[in-house]
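Here we start with a single chain on its own, the form predicted on its own, put down as structure tokens.
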């Protein structure tokens, strides 16, 4: 690639920066309101969550400006180095004292660092570098294996911490690989796997029983029987209605899907009974409406729903929330995982719609920026970042309104957490920097 000296700010995508800036400001105001319990100027910076959050925001914009001055080639060539450094941090953090049962943080006096947030940036850069290198073809098995190892390695280290919520974020990279040539069959298999898992967990959580004659059969066993019939029926269709030259390939695919489906259906019983703890099982029962536990495992969700519903159409107004702030502590973790409750209570349904429109606009703009690139590296990186932000946005809101189990997924630009604020901000600024060079990149 060759570059000419151009004014960086002149070529920075203004709409993308504006969406990010507006969401960051709104996010800070919402976080400020969630922790507001009377303003004391002497405690603003060090003894309050909103003071620390402001410092992280200022640091993010400071590093962001610095990134805009760096040559895009330097960022690209540093991708593997950044990824390797964060992987090393993920290994070291496993030896730190556990906090709330997880070894996920480095603590330095009054602030902490969570390397599992930084790996989202490191992996996005490394994956973009791998798939964009000269001579790298995603259709080759070796390239696919390298991409798989890049994604799985941090996922395993994060699972050991354990941090299942962050680990699940890595599933969004499947869509990036699909954009770069991964067969659509993998997406269909992934959706099939998710569907089987959801049905299996529901049947297990609800203790479903089916009667065949006078014999009672557990829901999962009956479901496995239905799957077998479906696979047999599919085999007959292939056997008698598919052309001979395609028949062998279709049968092999059906065998793979059959083994996968039955393994997941049977494995759900083992995982649910042995790996899931009682609180996890209760959360699934609450999510599927099988059980109510308003004072136990379902407390957060029910308190969250009451706060969201109390906002009605136009909300109660800024700093006027009574259920989702630090003063009354009606909603636990109201400034982290459940910060969407604060927005819903104070700004109501209309405020939530404005937020959703802004966030979707940010994601759409990022896809547009990614698609207009001459640089393959920038395009892949743009898809990585947009996929990560979309996953966080979708799962966090689903958690708050009870459509997904509580798995600790923060809402980008809103939830408290310096590591997340810095990581998501740097992701945007790097994309802005790389995009600013798009007009002078030679194919």
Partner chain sequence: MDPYKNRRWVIILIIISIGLIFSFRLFYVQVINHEWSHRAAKISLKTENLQPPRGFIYDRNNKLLVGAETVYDIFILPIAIKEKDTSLICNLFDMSKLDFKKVLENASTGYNVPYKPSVFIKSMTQLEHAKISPFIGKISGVFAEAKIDRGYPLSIASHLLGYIRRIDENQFQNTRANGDFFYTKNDFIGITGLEKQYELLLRGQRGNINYLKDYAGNKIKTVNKIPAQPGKSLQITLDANLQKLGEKLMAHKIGSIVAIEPSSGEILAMVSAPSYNPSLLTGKNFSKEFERLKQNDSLKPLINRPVYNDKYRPGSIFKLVQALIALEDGVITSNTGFSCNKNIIGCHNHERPNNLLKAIKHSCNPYFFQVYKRLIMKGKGKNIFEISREGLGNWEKKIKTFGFGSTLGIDLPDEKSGFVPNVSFYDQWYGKKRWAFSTIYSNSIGEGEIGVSPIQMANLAAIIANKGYYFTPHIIKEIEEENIKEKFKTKHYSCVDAKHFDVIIDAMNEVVNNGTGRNARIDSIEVCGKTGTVENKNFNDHSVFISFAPMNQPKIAIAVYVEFGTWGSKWAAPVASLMMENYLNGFLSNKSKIKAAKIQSEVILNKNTKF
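Numbering follows the first chain given and starts at 1. No experiment lies behind these values; they were computed from the predicted model shown.
What comes next is about the form predicted in complex with the partner chain, which is not displayed.
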Establish, in the model of the complex, whether 323, 340 and 367 all lie within 4.5 Å of the partner chain, using non-hydrogen atoms for the distance. yes
Please determine whether residue 348 contacts the partner chain in the model of the complex, using a 4.5 Å cut-off between heavy atoms. yes
In the model of the complex, does residue 180 come within 4.5 Å of the partner chain, counting heavy atoms only? yes
Taking the shortest heavy atom distance, is residue 115 within 4.5 Å of the partner chain in the model of the complex? no
Is it the case that residue 144, even though its partner is missing from this view, gets within 4.5 Å of the partner chain in the model of the complex, heavy atoms only? no
Any idea which of 171-179, 261-269, 238-246, 127-135 reaches within 4.5 Å of the partner chain in the model of the complex, heavy atoms considered? 171-179
So which of 103, 303, 218, 206 gets a non-hydrogen atom within 4.5 Å of the partner chain in the model of the complex? 303
Here the chain is shown alone; which of 194, 353, 149, 88 has a heavy atom within 4.5 Å of the partner chain in the model of the complex? 353
Looking in the model of the complex, the residues of 390-407 with a heavy atom no more than 4.5 Å from the partner chain, listed in order, are 390, 393, 394, 397, 398, 401, 402, 403
